[in-house]
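For reference, the chain that follows is the form predicted on its own, supplied as structure tokens.
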Amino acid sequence: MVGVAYRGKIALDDITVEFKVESLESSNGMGFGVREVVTLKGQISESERVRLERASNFCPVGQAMSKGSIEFEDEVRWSSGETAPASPMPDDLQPLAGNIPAIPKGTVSGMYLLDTKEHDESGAMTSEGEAKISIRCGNLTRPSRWIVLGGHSTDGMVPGPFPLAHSGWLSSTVATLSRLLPFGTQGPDGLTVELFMPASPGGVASSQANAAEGLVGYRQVQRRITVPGTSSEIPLSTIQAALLRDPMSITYKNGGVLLSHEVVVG
């Protein structure tokens, strides 16, 4: 949104974002939903607010979980050296039974760090800057809290939005498979999940233009899952059936995570 405001010459002085993550029962098995409130600060007209609201609703990372913009193919490898494509899944495949880790309810707050914007010698903004992200959720014994830095800045300084989002997808996939797959006495040692995602055509400029116009920008991703053992010990169909239970995989495939979305000028 900072980039869209800059390109559109909108006087955006500051921005904060609040997410409320709720646990819920859903027919597709996702198990959670998000309510989002974006607060803008500055001399912003109603038409400019609407433009930024559209950009917020179509930001590249948000599209991945609200509009299913990530088109991914799965490949499974066994430690025995066997490899098999896992996409598409059979239409009649049933989700694997068993208990999986739930995504806990909580809050995520993003505070824009104004002084992290970067400019070239002519004064033009080259990187939108970073955000401080505070995460709070319930735990078995006490509330848990984390602080993460992320955003658009000089390469290597902080992780970008997509790496942060995808790390959650990877963690969810590993947690689900480690619970559901029949590893036997060897356990899940050797279970790994990797993502391969080519650079977006057109780069940041194209992504911001799509967001400003309310266009979905589809991205191709390959997910590689490596499991211990052989395909006879852990069949491909069992792995696919377990993936049908993974909350973040369901979110990336179907979208629909947003329960409500509000952009206000405060």
Partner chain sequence: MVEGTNIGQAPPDIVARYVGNETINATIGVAPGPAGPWSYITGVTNSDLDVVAPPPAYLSVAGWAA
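Residue numbers count along the first chain shown, from 1. The model shown is predicted, which means the values in this text are computed figures rather than measured ones.
Here the subject shifts to the form predicted together with its partner chain, a form of this protein not shown in this document.
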property	result
In the predicted bound form, the residue from M197, V37, V216, A209 that sits within 4.5 Å of its partner chain by heavy atoms	M197
Proximity of P104 to its partner chain in the predicted bound form, heavy atoms at 4.5 Å	yes
L164 within 4.5 Å of its partner chain in the predicted bound form, heavy atoms	yes
Contact of R223 with its partner chain in the predicted bound form (heavy atom, 4.5 Å)	yes
Distance check, M248 to its partner chain in the predicted bound form, heavy atom within 4.5 Å	yes
Its partner chain in the predicted bound form - contacting residues of 169 to 189, heavy atom within 4.5 Å	W169, L170, S171, S172, V174, A175, S178, R179, P188, D189
